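Below you will find one chain, with nothing else, as structure tokens; this is the form predicted on its own, and questions on how it binds or moves follow later.
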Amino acid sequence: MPPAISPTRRRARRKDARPGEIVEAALGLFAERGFAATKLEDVAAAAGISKGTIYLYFPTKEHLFRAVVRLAVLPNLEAAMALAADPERSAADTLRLLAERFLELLDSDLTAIPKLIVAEAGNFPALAQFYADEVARKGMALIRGVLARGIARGEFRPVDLDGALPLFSAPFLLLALWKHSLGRHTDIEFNPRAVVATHLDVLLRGLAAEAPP
């Protein structure tokens, strides 16, 4: 029989778990309502805590959004960066694996964050800048590094790296935005796996190093 857990230890463990529970509840509400329409008291209710308790962890909604990015978004980006760091994997296979990882995330609420930023950047410029610095800049550096490695190894033909960055990311951004905007209001559908497969086929053919004469 396992030893009994004291009420003090149980409360401490519960307190340690709360930030993650709050972030999870906030992500769901941000995805459903957007940033402006979500209130901290709504997040508290969804997380099963009192309105006053949430302020002990996150004094403002802006603090909470930053926590959502740091605790829910960045770990996935860091995992992608670790995946891309494998020196034995080809650049083409790395792009395929990054695309597969996106497909796995597409069914989650995480894809609502880019839509939220695009929709509300004008009203909340500080949050937009925070997301650009913490997520977009790092994501672009990740893809740029993979493309540069492919060119250096002769897998890809020389291309303008800055010009090529949007060519990889645009379809993924479209799928995320569509899911959380027009996709909710129309019967027009995209098959994400088919879109990504076609996109990679076209992109990698365009990047492929030219065969010597």
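For every residue, the number given is its place in the sequence shown, counted from 1. Note that this is a predicted model, so its numbers are computed, not measured. Between two forms, the rigid core is the largest collection of C-alphas that superpose within 1.5 Å.
Separately, the form predicted in complex with a further copy of the same chain exists; it is not shown, and the next lines address it.
Taken together, G20, L142 and R153 are entirely out of contact with a further copy of the same chain in the model of the complex: none brings a heavy atom within 4.5 Å. Residue contact with a further copy of the same chain in the model of the complex: F58 places no heavy atom within 4.5 Å of it. I117 belongs to the set of residues with a heavy atom inside 4.5 Å of a further copy of the same chain in the model of the complex. Of the heavy atoms in A121, some are within 4.5 Å of a further copy of the same chain in the model of the complex. In the model of the complex, at least one heavy atom of A164 sits within 4.5 Å of a further copy of the same chain. R157 is the sole member of R157, R149, H63, K39 with a non-hydrogen atom lying within 4.5 angstroms of a further copy of the same chain in the model of the complex.
Scanning 116-148 for heavy atoms within 4.5 Å of a further copy of the same chain in the model of the complex gives I117, V118, A119, A121, G122, N123, P125, A128, Q129, Y131, A132, D133, A136, R137, M140 in sequence order. With the core held fixed between this form and the one not shown, G122 has its Cα displaced by at least 2 Å. Core-superposed comparison between this form and the one not shown: the Cα of R144 travels less than 2 Å.
Taking the rigid core as fixed, one finds a CA shift for R157 smaller than 2 Å between this form and the one not shown.
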